[in-house]
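A lone chain, given as structure tokens: the form predicted alone.
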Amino acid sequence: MTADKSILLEVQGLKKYFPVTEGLVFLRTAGYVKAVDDIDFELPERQTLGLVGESGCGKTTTARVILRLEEPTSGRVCFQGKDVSRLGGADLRRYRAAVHAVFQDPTSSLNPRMRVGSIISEPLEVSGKIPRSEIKDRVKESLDFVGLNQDSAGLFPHEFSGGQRQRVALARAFALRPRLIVLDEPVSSLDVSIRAQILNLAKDMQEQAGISFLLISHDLATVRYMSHRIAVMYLGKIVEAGARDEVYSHPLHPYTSALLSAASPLRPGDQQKEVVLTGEVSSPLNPPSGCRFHPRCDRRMKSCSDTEPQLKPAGADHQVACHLY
């Protein structure tokens, strides 16, 4: 475990396997879906880590383990040096207050039967950290911070637009002044014109309150705008990680190059080579041997199908899991 006090969140050898059963009467385990398979990363204080990759690569499962919505198969998630899976009682309540989430669809994440004021005040009441006499003021302060007027507290979620509902979700997450907020595709369901407002609001929260973010997204433009560091996932593995500008300007793994190529269409005169992936993502129930990306890689070698590459340094602040390096 790292001794660096600036590291807020540390993930060590994290695995999350889901059993696949068969049989009608006597169930037996036929295999395991390896949703997350031995990953490591760190998130420092007051920074944003962008976790990117195609759908099904394990990003959201990683977030669910961090939020303790799922228990890890093996490995550890450490928050301020403490193993999250071993927390209980008062320690677990403190962790719940320190780590919050904002999900992709604000409509489904907000209780339609509760008024906005109650939605925001509920975590404050459950935590016991805020005196009841101060909760109403904290709700008003949170609404004001996200750009909603105080009258919004008396309305129901369906009375807001999609962007406003996401502001309510951010206000609820911000109300307890958490140390970490997990942003799981926070703007993918919003109109393009609204996305920048929500992202700028999140950046303001980080600057003013010192909040760290784990940003999960397949939108590389969003990740580039928000993140300090980036980790690229493919089929349960982290294949490349590093400082944002380093990864974007010098992608090393063929998969990262393909993602960036798809996100940035070539224009006349561009020197960048277009990368087109062939085939489909393999099943996490039976992933390929060696490098999991090798069936789709146009630069594969014999060792790619035989030996699994390890994530190793490839620069001052850059890591890659690829036999090419």
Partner chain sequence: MALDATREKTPVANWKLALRGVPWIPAFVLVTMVLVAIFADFIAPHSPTETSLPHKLQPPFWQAGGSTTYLLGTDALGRDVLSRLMFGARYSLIVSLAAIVVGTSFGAALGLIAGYCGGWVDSLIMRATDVMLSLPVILLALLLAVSLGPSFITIIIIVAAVLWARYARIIRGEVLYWKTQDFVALARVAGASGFRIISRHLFPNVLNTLLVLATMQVGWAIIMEGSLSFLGAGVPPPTPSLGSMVSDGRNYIASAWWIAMFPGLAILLIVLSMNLFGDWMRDAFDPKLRQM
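Positions refer to the first chain, counted from 1. If you're wondering where the values come from, they're calculated on a predicted model, not measured in any experiment.
Missing here is the form predicted together with its partner chain; even so, the following discussion is about that form.
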With the partner removed from view, which of 110-118, 78-86, 133-141, 235-243 is the stretch that lies within 4.5 Å of its partner chain in the model of the complex, judged by heavy atom distances? 110-118
Would you please decide whether His250 lies within 4.5 angstroms of its partner chain in the model of the complex, comparing each non-hydrogen atom pair? no
So in the model of the complex, is its partner chain close enough to Leu67 to count as touching (4.5 Å, heavy atoms)? yes
So in the model of the complex, does any heavy atom of Arg96 sit within 4.5 Å of its partner chain? yes
Is Ala90 close to its partner chain in the model of the complex, meaning a heavy atom pair under 4.5 Å apart or at it? no
Identify which of Ala175, Ile216, Ala101, Val168 has a heavy atom within 4.5 Å of its partner chain in the model of the complex; exactly one of them does. Ala101
Since the partner isn't included here, can you check whether its partner chain sits close to all of Gln12, Leu14 and Glu45 in the model of the complex (heavy atom within 4.5 Å for each)? no
Could you run down 121-157 and flag each residue that has a heavy atom within 4.5 Å of its partner chain in the model of the complex? Glu122, Pro123, Glu125, Val126, Gly147, Leu148, Asn149, Asp151, Ser152, Leu155
